[in-house]
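Okay, so here's just one chain, in structure tokens, the form predicted alone.
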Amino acid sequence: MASSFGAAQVLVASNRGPVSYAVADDGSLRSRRGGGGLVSGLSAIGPESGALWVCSALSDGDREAVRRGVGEDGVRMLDVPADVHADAYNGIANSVLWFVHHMLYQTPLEPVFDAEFRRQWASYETYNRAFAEALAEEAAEGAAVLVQDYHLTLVPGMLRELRPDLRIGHFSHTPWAPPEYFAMLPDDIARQVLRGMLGADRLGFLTRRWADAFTACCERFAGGLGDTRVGVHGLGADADFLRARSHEADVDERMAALKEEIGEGRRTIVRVDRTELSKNIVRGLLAYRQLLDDRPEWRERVVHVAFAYPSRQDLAVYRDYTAEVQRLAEEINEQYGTPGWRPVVLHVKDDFARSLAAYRLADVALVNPIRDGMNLVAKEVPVVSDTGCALVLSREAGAHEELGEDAITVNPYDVVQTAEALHEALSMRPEDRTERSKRLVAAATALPPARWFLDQLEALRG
């Protein structure tokens, strides 16, 4: 039996991998490396560790790379049929599980668990099985496997059946729904998700709140946790990388351009988000408009620098949301703007260097999600801000558990309260802002990405 095992001692499984491919005009394949906590973590354990990343082919270029046998050492890309992936990823993971955990359904109309849902759920099972089989094939005897996120909730249970010798972990990067909301799922599906997760030896969550919600769901729907352990690992900002990257030449160029747009001597309220429904960008803009209404002394003295980068634009509800963000920003500019002052500087084209430039210029960071697993922007802005910044932070962000003491806390639905919090942040004495900012940075960098990954690996092996 042992001879049929693979060679990988540490395996990571995630929908998106560390590399992507595009077909060039001449037919050749171009590869592009990604970043993030998992990449940092795998780098930290070193190339001699026998690590393997199992991920999905997401694009035509990725699928072509798999067909041609092109790949990178340490990465196995799965060519799941495009229609199966679309059903599993958009139909179930992003349109059902993500909505449940973020509690975002408009319940008079949705969800509707009909025959089409069941058809898509079968694709989600197929997709998860493809990962479980690949991991079973590649893992050395007794290897450690770290499965990532809501796309792959069934993998631990499926893998446990195939390879009972493995140490299996799963990490959730989103919130976890409380039992009352999780109960919206069809009974058999809710049990299947929990049984899948409980196939792991250990489950990781970003905050104690999400871990407790999962435990409560298990007690209500699955008879408890069984032998599965639960832990909390609050992913922190990568301070060394961010500080170095934010002082490169392209960031300096973006800073000069942003300063032009902002104007001389003005304060800045900065937000950087993807246009995900949970990020609450529209209410953030409404709160800024309320600030200009309630506190006219800030007119022409402050600019809201809002970066809203399109996300999941293949889903109509996201396209509509992005359009509403743009419409409202234009409305505020038309209502309050003067020849020398544009109240909202909105950018919707993704530009990491420009995001870092905005971080450096931030007097106030606005992070007001309806519900968020962590929210790294809340941790990154204080680290990068040149003069220290005040943080207006939703109590529904996972980051609030660590940063709440030194942030100005808001109810994300309360536009009037958020406007008052923005005023408080803008009015904060420089010495208070500096002291708070130092404490925010210490909390935000307590568990940098490499350490975050290694802590999970050590806990799984322990």
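Start at 1 and count along the sequence shown; that's the residue number. None of these values were measured; they are calculated from a predicted model.
Absent from the display: the form predicted together with a small molecule. The rest refers to it.
174 is the sole member of 120, 290, 228, 174 with a non-hydrogen atom within 4.5 Å of the small molecule in the model of the complex. A single residue from the set 321, 336, 182, 98 has any heavy atom within 4.5 angstroms of the small molecule in the model of the complex; that residue is 98. Segments offered: 132 to 140, 146 to 154, 362 to 370, 185 to 193. Contacting the small molecule in the model of the complex at heavy atom distances within 4.5 Å is 146 to 154. Although the partner is absent from the chain shown here, none of 295, 298 and 427 has a heavy atom within 4.5 Å of the small molecule in the model of the complex.
Put simply, residue 274 is close to the small molecule in the model of the complex: some heavy atom of it is within 4.5 Å. At the 4.5 Å threshold, heavy atoms of residue 94 reach the small molecule in the model of the complex. Using a 4.5 angstroms threshold between heavy atoms, residue 312 counts as touching the small molecule in the model of the complex. Mapping the unseen interface onto this chain, residue 439 falls outside it, with no heavy atom inside 4.5 Å of the small molecule in the model of the complex.
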